[in-house]
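What follows is a single chain, given as structure tokens, in the form predicted on its own.
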Amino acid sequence: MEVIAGAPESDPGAVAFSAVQAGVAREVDIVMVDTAGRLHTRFNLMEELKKVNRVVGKAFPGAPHQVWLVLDATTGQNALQQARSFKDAVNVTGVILTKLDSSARGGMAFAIQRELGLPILFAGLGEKPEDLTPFDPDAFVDGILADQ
């Protein structure tokens, strides 16, 4: 796997554009763009995210094909507002729910799916790559009800 990274303080949109162009030139099937550290309450960061989304589409028509939002399960009900803001900004298509190995129950997943129609795609059950697993709705509900 190759990583395309920009210099410190470089424009995230330019880095994303270059990464997609590099992927096209190398004929790779998947280019992942990570825009970690975005807060829905920070206007400038959300505008920057919209720009990344636009330039990826210019580098490869029809892209991005998927936009996944990573949410911390310990966030609670604020996660719904976060998901709504990101969906409005960049058309999020799915959610990765992290920290389900902690005391968090992740109940906000119900609201996110019901109110926004966003599927929960993966669950983070630890900090290692192998701890990211496909989301199992039955196991999730069983986990919530087990402590009742």
Ligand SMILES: Nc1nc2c(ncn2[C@@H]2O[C@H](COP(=O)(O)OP(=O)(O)OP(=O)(O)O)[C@@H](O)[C@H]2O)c(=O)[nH]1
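It should be emphasised that the depicted structure is a prediction, and the values quoted were computed from it without experimental measurement. Numbering starts at 1 and runs along the sequence shown.
Heads up, the form predicted together with the ligand isn't pictured, but that's what we're talking about next.
- Residue-level contacts in the predicted complex: of 125, 14, 139, 24, one residue has a heavy atom within 4.5 Å of the ligand, and it is 125.
- Although the partner is absent from this view, residue 117 stays clear of the ligand in the predicted complex, with no non-hydrogen atom inside 4.5 angstroms.
- Taking non-hydrogen atoms only, residue 53 never approaches the ligand to within 4.5 angstroms in the predicted complex.
- Among heavy atoms of residue 98, some come within 4.5 Å of the ligand in the predicted complex.
- Contact annotation: residue 37 falls within 4.5 Å of the ligand in the predicted complex, judged by heavy atom distances.
- Stretch-level contact check against the ligand in the predicted complex with heavy atoms at 4.5 Å: of 29 to 37, 57 to 65, 108 to 116, 82 to 90, the positive one is 29 to 37.
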